[in-house]
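Let's start with one chain on its own, the form predicted on its own, as structure tokens.
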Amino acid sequence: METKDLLNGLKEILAEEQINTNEEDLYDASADRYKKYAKVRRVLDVPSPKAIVYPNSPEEVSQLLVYCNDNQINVIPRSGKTATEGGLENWKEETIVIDAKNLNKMIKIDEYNMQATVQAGVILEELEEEVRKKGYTTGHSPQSKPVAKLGGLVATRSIGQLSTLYGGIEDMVVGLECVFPDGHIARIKNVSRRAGGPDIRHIVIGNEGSLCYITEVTVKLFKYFPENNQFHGYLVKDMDTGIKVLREVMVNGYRPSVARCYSEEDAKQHFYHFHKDRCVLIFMAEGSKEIAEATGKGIENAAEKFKDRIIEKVDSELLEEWFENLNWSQQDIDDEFEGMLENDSHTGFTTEVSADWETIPKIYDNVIKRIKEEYHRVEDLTLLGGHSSHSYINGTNMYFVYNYEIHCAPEDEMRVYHHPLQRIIVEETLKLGGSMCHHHGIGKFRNEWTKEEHGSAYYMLEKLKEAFDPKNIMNFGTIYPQKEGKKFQE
């Protein structure tokens, strides 16, 4: 289809001001933060979409999807723009981005039933500010909170920094509304629980725009007691000790909102003023006074059990100060991009995985060993480490962190640095039975391992695509591997 014909079709559905064809905006929409360095250096190798559109209602989303489905136009659903795994990257010439900017209404804050209903384009921090005025919290606090929007958070199965208490977004979503490629608008009602067949929320939560477009979300609310927050920190001898303390806290039934263990290398960039070249273990207990005190006591008891491997306690005021500066704003993102223009020699990346308590230390040790022995640019690494930041009764995650000096062309950075490092991490994780993606999603750059990640259950994932998006117009290449996308991955 000619671009002019595509745009004329959009104009039959939307007003002219709802259709954006500005070249700079289209270039920005051609990739997310995954290729941020190549993007800022103007060397992206992917096509720009033909337009970004801003529907005002679920009905307009429905009309847009029917139009794209009938004409085989690729659709990239977008809200928030903070994706990190290529989920917003464009691999098709004929593509439009459907952006939730105008779906920005807070529909209802229901204090009695402890839930809030908002449209997909509402910024999380704005919702959080509103509910805090009433003495509540969403409990969801990803680093991207000032810019992330509810639709994107649900679509990517987001997790926040307080997840060990409140859970991931999948634990918070009560109900939602979404639109499928055939135009069907589906509403999953808001109930506390039901046994009416499989939990169909999970067709939508985490679909990364590959099955449907989310238009509305209802999330739980929690009482907010910041005055009761307690901070506990320790310098420990090694990662294995820190993970054992995390496990002790969790299996004894305590739920601190934050429970983290940082390797020596990773601690240097976060806790430079007190890490003393040691692993750092930190907790935050929150809730009602009685719950916070009981949780704090549980943390102290767990640390006492491993006191022979704990070097010293950390001043709680130092931790509180650190917790208050975890999130980054749009200005921080803009400053980061500006820094890449002025100084293009150094950057870094992360890969997050998960496994059970017994397996996570093995994955960590195996990955670090392989990278040091096999990675051909190991001399360029300025940081290689990781941290556990989201724990459960049966396991935890590992957030691998690696920074490097760039000694290649900007367009080759991912191929030379990130891809081989991520491959080692994913291979070692899958080999030991862990999950290759804890909370950033599969996007387009872990899809070569989607089948291995799911094994025999990939059959179920594949059937969802066949059922809901048979023409494959939804976010081509995200989650589901595609041969045509290989040229952008390699």
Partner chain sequence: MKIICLIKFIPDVENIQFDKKKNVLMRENSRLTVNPDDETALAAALKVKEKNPETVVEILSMGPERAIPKFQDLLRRDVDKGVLISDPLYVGSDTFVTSRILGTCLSKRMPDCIFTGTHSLDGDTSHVPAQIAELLNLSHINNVLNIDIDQLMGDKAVVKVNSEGETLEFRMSLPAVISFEKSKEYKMPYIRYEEFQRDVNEKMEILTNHHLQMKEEEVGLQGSMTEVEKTFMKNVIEKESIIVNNDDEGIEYVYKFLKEKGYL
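Every value quoted in this text rests on a predicted model; they were computed, and no experiment measured them. Residue numbers count along the first chain shown, from 1.
The same protein also exists as the form predicted together with the partner chain; that form is not shown, yet it is the one meant from here on.
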query: Contacting member of M114, A409, M106, A294, with respect to the partner chain in the predicted complex [4.5 Å, heavy atom]; finding: A409
query: The unique member of D380, D240, D356, D110 whose heavy atoms fall within 4.5 Å of the partner chain in the predicted complex; finding: D380
query: 4.5 angstroms heavy atom contact with the partner chain in the predicted complex for R415; finding: yes
query: Residue stretch of 362-370, 165-173, 121-129, 401-409 approaching the partner chain in the predicted complex, non-hydrogen atom distance within 4.5 Å; finding: 401-409
